[in-house]
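Shown next as structure tokens: one chain only, the form predicted alone.
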């Protein structure tokens, strides 16, 4: 070790703002920079008066310290390199959080605690001994089981013990007897947990590309930074373009990251990539076990895996020689984190691509308004278009049904007459249907029809949702449960009514209307088990189930050739929310789910059920006309000065005492109003969650380096002056305005 360098600069793993700084620690004896200790190493240190050791990360070194320093207690492992450290520094400043909060994203899964919970997995193998193979001695083998093991091992050299026992119908006792005779030996081998273990995907060849696909591929340079937006109608072959671009990158011995918005999308895209590239892919998402994610991380770190597929956190995988980043369905809100650090994967990917001098490719049939605006009006993003479907069936036929007229004609069921007839036709033709409703549960709220009492969560200012499978009321904000209410607790009436419709209620109604049909439901309640998404999608495909009913999980990315009908129930439900993006999100949802119909050779149809058929959003979704919707929406945004013409700042103050929270909201307003355009503090739309009162301050600003610095200063000032009981949830351009 360089004798002059004695001090390691360590960030301690803490969410406390006053610990968001660098601490000096002595380097232990016997450690040498560049060999067994370096920048990016995870360490355990004695900190303050804490009884236990704390996790820290080395981010630098220096010769001496002006403080009396403790020595690092334990050096663990290297978790990130200099490039990823620079990204982390940028993210901490840009997303107004502690440096350690960002560093947690960069460490291997399961190693964020003081004692690592993920163990290396070993499997026992068996093989014949060299003594037996080379010996001239006679071995007396009388047992048939022993003979079977020896003959099998002669053909297979070494084999997992579990397979050996199954094939030869033996057990460990027989192997031990042979081991005592020095005929065979058993030993442990480290193995990686394989999330693809049960997958058997045939390798395929790249199909002939359309002229539009070829043109786009030729327009993308994979050897320098540029940002591209592929705007392609649903079913136009964007995934095949991704596969082709990644193939070029792999041939240059580089690696690729492809992000998908929903875990439910991962199985299908994984199958496509396995079929094309084999086992050089790794997947990362929250539904894997800690052990599976840890081993996938190690495969990526070792260079065995060249392609990383996953949700937004896959962006931080330890890839080497990164050659391209692709973000599929780039408009999706899941790319923006709602927990600290509140990063936008699209922004982080842009910085990563710039630093690596590689292309960033975004793709969507319904691009984010901000992305499309930049592509049309700046040089920051190059716009590439796919206008035709690759299937011979072409785009689906879409029709809107006015549910007000259905009611007037006496139809009070969940299905319009037209959707009923089309569903019936599909069942007769053995074709599949997808039905979309953006509400899980059975009923959205329960009310007494005599006194108007609505059952609300005791801890939150929201109505509870009835779930028929549990026969309970659930709060979708804090997770609280209540027994179902059959008698009004206020007036004692039994006249309790279930209002609204959720996926469970639709499923029950469909079973009554079409008792002969097979129906499967896909929402958060049915996919909360391991591989839940994949199990449902595989059943729908392989068992040829008639109807797939689901929430947003089914709206994008899925490609089933036998789905010829899509029904959108309550299409206007997402329009009535207090968010400037309500129209955009409604258009995206309807357009995306309608695009699931007719992906094969059969013509697709889609029916949109709505109580607001005259709304421009609904009309444009029916026409699948993104460009007309965009031109109208961008004029509204410009007039009202909404993104992309500004950025929205939001501060939500939360605490157990409403008066204190209100005062701190005023304090926040007073500190920030000196620099930014703010609206007066108001109670948040959901004014209480989990026994915490909530006040909100909204503002508009332009995100640039100067304003980022100002915000960090204002936040530091506010933290020093606010009440200890008040928590601040601060974000820029959040997904949720509540």
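Numbering follows the first chain given and starts at 1. Every value quoted in this text rests on a predicted model; they were computed, and no experiment measured them.
Heads up, the form predicted in complex with a small molecule isn't pictured, but that's what we're talking about next.
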Answer key, the small molecule contact in the predicted complex at 4.5 Å (heavy atoms) among 235, 502, 651, 550: the residue is 235
Candidate from 602, 350, 78, 272 lying within 4.5 Å of the small molecule in the predicted complex - any heavy atom: 272
Any of the heavy atoms of residue 146 lying within 4.5 Å of the small molecule in the predicted complex? no
Quick one: is residue 240 in contact with the small molecule in the predicted complex, heavy atoms, 4.5 Å cut-off? yes
Quick check on residue 210: any heavy atom within 4.5 Å of the small molecule in the predicted complex? yes
With a 4.5 Å heavy atom cut-off, would you call residue 474 a contact of the small molecule in the predicted complex? no
Segment assignment from 518-526, 542-550, 202-210, 98-106: heavy atom within 4.5 Å of the small molecule in the predicted complex: 202-210
